[in-house]
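Taken one at a time, structure 1 and structure 2 that follow are two forms of one protein chain, written as structure tokens.
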Structure 1
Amino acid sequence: MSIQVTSPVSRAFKARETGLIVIIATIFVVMSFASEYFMTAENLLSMVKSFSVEAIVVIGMTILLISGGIDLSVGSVTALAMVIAGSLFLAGLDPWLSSLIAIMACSGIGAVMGLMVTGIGLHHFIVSLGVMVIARGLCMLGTGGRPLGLFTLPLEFKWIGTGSIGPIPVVIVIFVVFVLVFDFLLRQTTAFRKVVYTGSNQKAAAYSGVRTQKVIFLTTMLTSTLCGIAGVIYMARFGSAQPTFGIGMELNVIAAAVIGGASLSGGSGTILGAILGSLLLAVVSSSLTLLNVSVYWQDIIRGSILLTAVTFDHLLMKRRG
């Protein structure tokens, strides 16, 4: 009987993250020949900045997917954070206090969704779908459907969205901090390992002493809180609060997490993989724009990428089963 030994290199090449890195690198090589503007410092910096803030929401979605949940309201809740913070600022409140209240409001929305899922027994999909519509309606109601111009925001507040630390934009620094913190928590801490156990087999985790309902509640609340933080950063970056902002964000966020290895069935996924998935979508979007591909085709391509990732995940789960 022969014994097969799997080397660390072989295991690495089987990892989802390694495959994504290869795909992203391939696109970079191809686009460097296809467009003279792709590899310019301006385009690369713009591309990283464009996905950095959204990637904060991707982190929350990834953790929620690992626990077995899903949130379709992330785009609407992010926009609502902008509207709440912007409206309070225009009413005379300090922008930092306004932002804190907006983030707390988003946390409250997540808490309500968590209670409806764990207390009443409703499914994440239905609850978040309802909240998505309600939050977008509140955005329109609070602004009359018009963007709020926040031209008097102080420079020290705008700094979090437009400033730099040396040559590095602040939004990228914030993004990197969030990635490092949550990647460490998910890989190394007992509390976040319970998220994986809950998503893998909720009943078995409950029999093992894991308070699965609490885990689901907290992950739902965490996702909405990160939406609030992203909304505040977007407000500082754009200097406005747009009630229509974030339409379709849920597609990008879920696609990034699933492409990165987060299973819609729960129990698997990594922060690094999700960020690579987000980067892949940003690179594809930038490439299509530089190649003058119609925005309608871009939507079709992004949707196709999501379906491909979901299909791959489904087949992988069947093979493991």
Structure 2
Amino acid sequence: MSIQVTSPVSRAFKARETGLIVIIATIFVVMSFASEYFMTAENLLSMVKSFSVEAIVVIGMTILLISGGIDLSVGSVTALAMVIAGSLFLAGLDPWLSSLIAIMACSGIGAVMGLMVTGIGLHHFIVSLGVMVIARGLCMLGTGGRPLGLFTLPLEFKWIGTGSIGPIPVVIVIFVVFVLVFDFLLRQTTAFRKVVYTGSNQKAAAYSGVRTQKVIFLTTMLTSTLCGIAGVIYMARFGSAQPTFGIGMELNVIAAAVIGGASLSGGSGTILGAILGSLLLAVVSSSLTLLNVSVYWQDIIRGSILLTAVTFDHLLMKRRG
């Protein structure tokens, strides 16, 4: 029997994150020559700002994918959080309290989904598909299909969406905090390691004493809760609550997580990888805009990157047996 010892350096080279960092760095180098605007602070901030709130949802989706689940309702639930918080604010409630209630409502939705998956045994895919439609319907019902104008939100609330700390937009600061916290939790804590065990092999994890049903329930609830938080930040950023917000968001979010190394069959993925996936998509989008490439190329290239990542993942899995 031979034991393979891998050094940290060799592990780093094998990690998906390293590959993504190399690709992103290459684009940065090429683009810094191709466009005088690319390496400006304004463009870099604009790029990160464009995905920073959605990245909070990416974090939830990544953890859920690692546990073996998936959530198609993220866009609708994010919109519902905006609508609930916006409606309560317009009804006279304090915006912070309205937001808290909206986030709790989203947690409740996650809990119901989690119960349907773990209690009844339905698949995440179909449960979240149903919730996606219901949540969108609730958005339309609550608003009559029209956006809620929330221009009167107090400045201190809008600050979380539009303010800056020095030159750095608050949304980027929030995003970085979320990434650091969840990356640490997933890498370093026993509770979150159980998510990986559950996703890798649910039966084996259960035999090892992991309460896999509880893990699935909590990760489902966490994803919806993060959607609620993102919805509230979006509301502060846009000064409105739109019932049609987030249509198609699930595709972006899943794409970012998968490009970053999260496996659709569960058991693998990292927060850093998923964020690098989001960053790669944003960098590609920004580069094409700065080069005045037709906007339609962006979808084609984004789809191609996703297919490449999934193919790479599949081949890697096959090689590992």
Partner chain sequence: MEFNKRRSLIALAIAGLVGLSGAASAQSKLACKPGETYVMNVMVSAHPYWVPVFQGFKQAAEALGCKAVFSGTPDYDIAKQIASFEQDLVKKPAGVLLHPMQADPFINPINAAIDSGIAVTTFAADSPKSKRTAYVTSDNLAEAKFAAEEIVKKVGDSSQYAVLENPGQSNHDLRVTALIAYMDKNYPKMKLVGRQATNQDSNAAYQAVTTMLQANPKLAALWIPEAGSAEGAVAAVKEAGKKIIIIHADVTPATLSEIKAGNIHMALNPNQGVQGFLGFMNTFLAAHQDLIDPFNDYKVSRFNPMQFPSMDNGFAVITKDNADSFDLAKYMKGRS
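This is a predicted model, so every value here is computed, not measured. Counting starts at 1 with the first residue of structure 1 and goes up one by one along its sequence. Think of the rigid core as the biggest set of C-alphas that the two forms share within 1.5 Å after superposition.
The form predicted together with its partner chain is represented by structure 2; structure 1 is the other form. Once you line up the core between the two structures, the Cα of Ser265 stays within less than 2 Å of where it was.
A movement of the C-alpha atom of Ser278 falling short of 2 angstroms is seen between the two structures when the two forms are aligned on their rigid core. Core-aligned Cα shift between the two structures at Ala25: this is 2.4 Å.
Core-superposed comparison between the two structures: Ser35 shows a Cα shift of 4.3 Å.
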